[in-house]
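To begin, one chain is listed below as structure tokens, in the form predicted alone.
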Amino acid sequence: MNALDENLQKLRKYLARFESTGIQNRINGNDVGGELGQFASISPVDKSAICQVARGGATDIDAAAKAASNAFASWRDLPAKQRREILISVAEGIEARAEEIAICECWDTGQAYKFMSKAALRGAENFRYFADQVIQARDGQHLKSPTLMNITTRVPIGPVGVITPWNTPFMLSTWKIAPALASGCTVVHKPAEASPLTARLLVEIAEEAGLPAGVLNTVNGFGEEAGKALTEHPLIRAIAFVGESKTGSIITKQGADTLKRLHFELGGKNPVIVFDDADLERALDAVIFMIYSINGERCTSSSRLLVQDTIRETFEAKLVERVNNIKVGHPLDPATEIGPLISEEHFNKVVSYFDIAKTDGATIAAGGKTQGDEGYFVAPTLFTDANNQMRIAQEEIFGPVLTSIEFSTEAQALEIANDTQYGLTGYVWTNDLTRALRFTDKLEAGMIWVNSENVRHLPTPFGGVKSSGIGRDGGDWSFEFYMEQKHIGFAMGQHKMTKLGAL
């Protein structure tokens, strides 16, 4: 039996438990059916129904918000050491079920096992990291003045809503939920309707690790139903959202009446700038990795290649050769590098850009076609002879599609890189340190890597500018979102007070 067949056999075992009951909402430690019935989760691999999923609505969200509110005080007041131990146990539970998580995620999302096997373990890493931050999460400052001893402390904001996307759902769920729990908040989680499987696994793992009922609640459903009810609910104090910029704008409006705190990780049209003095082989590896891994379905992908005119032809020729060798196939085959796109709707969107590129005058140098007879597979694609005014350079395609644009000078490269509504990440390849410092200072992006692909370091801030997001995750920045600052002033002995109304 080969590795693919072994993984398929394991998949059947993991999915068997959902055949009769499907995936239910999990509210206050109990399985709850959806107010609006059920919907089918479809695998992008062969368009088959995986299982039925509870379709939550306003009533389900209300029950989950009340459960989170009722559980908040006891979770907030649990000694930090005990909260840390529970989160460490969650990390251990994730590690113990990492294979199950990865295999289910591959079938649910179409992502390649090559990457999802690592993403599951990154989820455990997220819980371990934030567990270790619990002890000092409430730490503040001492700000002495002549008359007062001023101290600050942080307190958890309360029940929060977490809305996560479909591209790497398990890892991104842990990225939001772990710091929320570490801060002392309780959570209502609304997973993406296109990839609900591993959200169910996460809440199971958390409860088995000792997380009290009501601290983490999961309500499945659609954005315009369950999602809208969550963003508008008065008991939910904040919303952490990962997804499209357009959806972020909608959530802003929905949360306005209840004055919710918002944290958005949104879209990107991220540039990777390759100067002619760069290590071109390393730059080539990074350019390919950052757009064609994870099916190109990630916000930090470098979907615009800005390459200097003196090396453009050589660099693009090497790109074409490498892109044509990328293995597209079944996501549970360990050799696969690109699997199917998440859904028919998204597949049609990505494929539409093949005609858009030709209409706008670009060249399809590689790919530009669908692949296979079943499932939502597309060939990795490279557009050349492009300029930054084309739709393929301005719109987030969110697939394995790279647009190459030529530049001649540093000033021109910076102008092109910044000429977009987005500002999530940027990647710069040059061996000129002065240029790197100068260029990154002017590049409009929340995160920039120089001579590197995206290497995530958990204590550093993660987030974008412009239409790419609001706020920062990572390290202490996560606690800044999930906690409120509180100031307390203690009088230093007696001091003269202004008296009003004294006789």
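A residue's number is simply how far along the shown sequence it sits, counting from 1. Please read these numbers as outputs of a predicted model, since none were measured by experiment.
Keep in mind the form predicted in complex with a small molecule is missing from the figure; the text below concerns it.
Would N167 count as a contact of the small molecule in the predicted complex, using a 4.5 angstroms cut-off between non-hydrogen atoms? Judged by the heavy-atom cut-off of 4.5 Å, N167 is in contact with the small molecule in the predicted complex.
Does any part of A362 reach within 4.5 Å of the small molecule in the predicted complex? Heavy atoms only, please. No, no contact at 4.5 Å.
Taking the small molecule as it sits in the predicted complex, is F289 in contact with it (heavy atom to heavy atom, 4.5 Å or less)? No, F289 sits far enough from the small molecule in the predicted complex that none of its heavy atoms falls within 4.5 Å.
Answer for T231 alone: is it within 4.5 Å of the small molecule in the predicted complex, judged on heavy atom distances? T231: yes, in contact with the small molecule in the predicted complex.
Out of 320 to 328, 158 to 166, 113 to 121, 77 to 85, where are the residues with a heavy atom within 4.5 Å of the small molecule in the predicted complex? Stretch with heavy atoms near the partner: 158 to 166.
Of A137, I294, L211, I251, which residue is found within 4.5 angstroms of the small molecule in the predicted complex when only non-hydrogen atoms are counted? In short, I251.
Though the small molecule is not shown, can you say which of G375, G223, G93, G367 has a heavy atom within 4.5 Å of it in the predicted complex? In short, G223.
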